[in-house]
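Quick setup: one chain, the form predicted alone, written in structure tokens, and binding and motion questions come after.
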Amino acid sequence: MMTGKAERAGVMGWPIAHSKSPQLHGHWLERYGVDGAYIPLPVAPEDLSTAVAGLKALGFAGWNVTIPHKQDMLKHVDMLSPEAKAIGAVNTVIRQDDGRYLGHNTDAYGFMENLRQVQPDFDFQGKTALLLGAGGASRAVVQGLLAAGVRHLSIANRSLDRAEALAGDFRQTFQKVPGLVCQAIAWNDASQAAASAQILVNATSLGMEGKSSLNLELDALPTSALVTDLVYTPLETPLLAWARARGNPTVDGLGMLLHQARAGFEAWFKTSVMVDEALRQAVLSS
């Protein structure tokens, strides 16, 4: 039951009907009895400026941002968090106490919190990681891993130029970290790099329903290496099924979505929430 004091938030994108965010946040609103609302906000690219001005005028607590607005939102907020600057995109906007709006990015937080929840004993400090893919989601992975203490990161991508640009950006961001290696490698060199990897992350769409599987020979990967896949449709991708069968610790990609949402919800509605099996089932059944 909402009152006239209800806080309002939502998710902005184009299109937006596919988003699971309304079900996710709706579960928390109901579960914790929050006086608030979270709604889908379909906004065409040419209407972005007008839409943001309207939400600010209405005093929205904030909103999530998805495709195709994540980069453009950088220009429409009053201030940016260090995470948004490093990743180069905004996925969460939060109204501040003074009425200004902060552009934030919770994807790196969501990525790392998912790993820590599922594999709480894994220590990231000083580890060597192999990242497959150099798209938008990869920026959050790199930010999260390097901030957590990973000190040797190889980024494999079919377009080597794109991987080199990504590695170069984060070498600059973390330039004060002694001994840090953040490098691009050719896609076909990932098999060799797997031999020394203690963390393997798939940030490509390969393995998603309707897409082809990863076409990489990864048998050299140690069975102690942590394996995670950002894809969560299906929940157990071919990569995760392969890793689990050989005894590697694994983490599926759904938890990243859930944890990145938690940071925004708690900022907007001033209510602490849990990421648990009830939330996973609520999102999976939507």
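The structure displayed is predicted, hence computed values, not measured ones. Residues carry their position along the shown sequence, with the first being 1.
The same protein has a further form, the form predicted in complex with a small molecule, not shown here; the description that follows concerns it.
Q: Name the residue from 194, 137, 74, 86 that puts a heavy atom within 4.5 Å of the small molecule in the model of the complex.
A: Comparing distances to the small molecule in the model of the complex, the residue within 4.5 Å is 137.
Q: Scan 242, 60, 232, 28 and let me know which has any heavy atom within 4.5 Å of the small molecule in the model of the complex.
A: Of the listed residues, the single hit is 232.
Q: Would the small molecule in the model of the complex be within 4.5 angstroms of a non-hydrogen atom of every residue among 133, 208 and 257?
A: Checked in the model of the complex: all three residues contact the small molecule.
Q: Considering only heavy atoms, tell me if residue 203 and the small molecule come within 4.5 Å of each other in the model of the complex.
A: Flag for residue 203 set to yes.
Q: Although the small molecule is absent from this view, report whether residue 117 comes within 4.5 Å of it in the model of the complex, heavy atoms only.
A: Residue-level check for residue 117: no, no contact with the small molecule.
Q: Does any part of residue 162 reach within 4.5 Å of the small molecule in the model of the complex? Heavy atoms only, please.
A: Output for residue 162 is yes: heavy atoms within 4.5 Å of the small molecule.
Q: Looking at the partner-bound form in the model of the complex, is residue 174 within 4.5 Å of the small molecule by any heavy atom?
A: Taking the distances in the model of the complex, the answer for residue 174 is no, it never comes within 4.5 Å of the small molecule.
Q: Looking at 52-60, 249-257, 31-39, 217-225, which stretch has residues with any non-hydrogen atom within 4.5 Å of the small molecule in the model of the complex?
A: Selected range: 249-257.
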